[in-house]
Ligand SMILES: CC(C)(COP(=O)(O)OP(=O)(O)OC[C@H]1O[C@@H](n2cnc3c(N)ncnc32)[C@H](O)[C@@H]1OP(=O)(O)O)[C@@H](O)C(=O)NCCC(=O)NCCS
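One chain comes next, on its own, written as structure tokens: the form predicted alone.
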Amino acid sequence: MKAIDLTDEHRQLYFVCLEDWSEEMKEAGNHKEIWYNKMKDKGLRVKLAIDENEQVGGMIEYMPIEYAFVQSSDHYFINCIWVHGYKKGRGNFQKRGMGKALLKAAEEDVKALGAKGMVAWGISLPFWMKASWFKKHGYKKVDSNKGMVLLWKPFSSDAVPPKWIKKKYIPELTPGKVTVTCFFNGQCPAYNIVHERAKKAAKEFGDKIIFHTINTNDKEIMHRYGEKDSLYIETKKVTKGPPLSYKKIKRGMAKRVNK
């Protein structure tokens, strides 16, 4: 097993988070590819984990923290680290040390680039991007926000710990209409799916719904609103956990329209 840099051969696989078997991923469109092409010259790094049969089983994506949803500088931020764990498609590659190998390779990479530390986000609950997993690998909790944990591993004595950007968005509502607002930047296919489903659902209500898309690929916009990937129906933030189904999104909109 080894960690390698992303190659042209595996680029399309990376765009769907190794889930090329998934019908759901097709709903995400090409937003991930567009985001990658914007970020690849701004310091974005991607590594893949390859097993003894040259099969891709895991990936890690990280970038200069100035482009992340965090207040900090001179660090790199891990957007995601993922080892394929489904029986479908390429099969389950978890529990083989791929995650550990990817994390180590990424840390060595950013040290060589002169970064003062590596920052990651984690979830306090025991599933994907577990905060506890990062803690096992030397990361310390430095901030939290509603179950989202910010973790940090400094590489130099003068490194300054990061902080979450605080939420600043207050939905702007239109009397007599239902306002739906979608923040997204294309980085995460799961949120890209939500964005596409929300757009489709909103169209079914015609002029009863005003649909706003706010692209947070511009870091100034992301910092201004304090949002990165989220869906609001009126004042309620409805994006939590796995991508909401089209039916649930439409039902949430209908509930507000019918009030």
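The first residue of the sequence shown is number 1, and the count goes up from there. All figures in this text were calculated on a predicted structure; none of them were measured in a lab.
The same protein has a further form, the form predicted together with the ligand, not shown here; the description that follows concerns it.
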**Item:** Candidate site Y76, G117 and K140: all three near the ligand in the predicted bound form by heavy atom within 4.5 Å
**Value:** no
**Request:** Give a yes or no for I165: in the predicted bound form, does one of its heavy atoms lie within 4.5 Å of a heavy atom belonging to the ligand?
**Result:** no
**Message:** I'd like to know whether F183 contacts the ligand in the predicted bound form, with contact meaning heavy atoms within 4.5 angstroms.
**Reply:** no
**Item:** Exercise: K153 in contact with the ligand in the predicted bound form, heavy atom 4.5 Å
**Value:** no
**Item:** 4.5 Å heavy atom contact, K88 to the ligand in the predicted bound form
**Value:** no
**Request:** Could you tell me which one of K135, K100, K111, K177 places a heavy atom within 4.5 Å of the ligand in the predicted bound form?
**Result:** K100
**Message:** Going by heavy atom distances of 4.5 angstroms or less, which of M148, V160, C80, L173 would be at the interface with the ligand in the predicted bound form?
**Reply:** C80
**Asked** In terms of non-hydrogen atoms within 4.5 angstroms, which of the given stretches 165 to 173, 140 to 148, 67 to 75, 88 to 96 touches the ligand in the predicted bound form?
**Response** 88 to 96
